[in-house]
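Single chain ahead, by itself, as structure tokens, in the form predicted alone.
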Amino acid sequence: MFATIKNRFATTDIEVKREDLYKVVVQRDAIFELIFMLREQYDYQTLNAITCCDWIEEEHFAITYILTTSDRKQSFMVQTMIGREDAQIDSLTHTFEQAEIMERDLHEMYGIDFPGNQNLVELSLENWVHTPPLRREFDTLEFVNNNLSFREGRDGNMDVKKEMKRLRALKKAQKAAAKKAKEEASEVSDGN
């Protein structure tokens, strides 16, 4: 299979991640041909996920399609790069129905368009007009400060780091006290 992929898709970027997981990176214009080949010739029948990684420094997104065989014993990650500017890649909904929701998520969170997906509507962000929140240029702190208001009367809020440190110290002290009590009880019983 790997020799066929290397020759047919002119790639040497094939990796055995585990004995049951493979990864290949191909040019954008070959990705769907490879996915169809894996489905038809090698029984990769299930689309488990479509993921995205924002490589802002290289000015592209890495789009990865994760396929699994019908017996669920082998998985294949098929990856390609698309430009961040006017990001788009054809929809896979005509082959895998479950791609619709995955593409909707990537559309909303990264701003990627999937021509052919007729349902790229809001999924979890209502009336969102800002930079997609999983793009690396999105500034979460700035967004919170500019768009959200903090509730009044919350003076009793605790600093999470300080509270966790206090709880760990309390737990450690309780363990030490229990150990000491056990040792003292052992000394008393040995002394009788």
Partner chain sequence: METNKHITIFHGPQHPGITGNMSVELDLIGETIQKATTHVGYLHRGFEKLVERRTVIQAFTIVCRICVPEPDPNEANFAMAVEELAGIEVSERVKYIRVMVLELSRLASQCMWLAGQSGSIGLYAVGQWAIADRDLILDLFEELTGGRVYHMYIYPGGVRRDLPDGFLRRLEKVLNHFKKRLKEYDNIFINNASFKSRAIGVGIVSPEECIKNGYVGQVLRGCGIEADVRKDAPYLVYDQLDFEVPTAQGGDVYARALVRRAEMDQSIHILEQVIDKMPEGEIMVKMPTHRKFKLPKNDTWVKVESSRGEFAYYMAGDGSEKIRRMQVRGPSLVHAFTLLEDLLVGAELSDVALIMNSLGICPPEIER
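Residue numbers count along the first chain shown, from 1. Not measured: the values here are computed from a predicted model.
Another form exists, predicted in complex with its partner chain; not displayed. Remarks below refer to it.
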Even though its partner chain is not shown here, does Met37 get within 4.5 Å of it in the predicted complex, heavy atoms only? no
is_contact(Lys17, its partner chain) in the predicted complex, heavy atom dist at most 4.5 Å: yes
With the cut-off set at 4.5 Å between non-hydrogen atoms, does Thr95 touch its partner chain in the predicted complex? yes
Hey, in the predicted complex, does Arg28 get a heavy atom within 4.5 angstroms of its partner chain? no
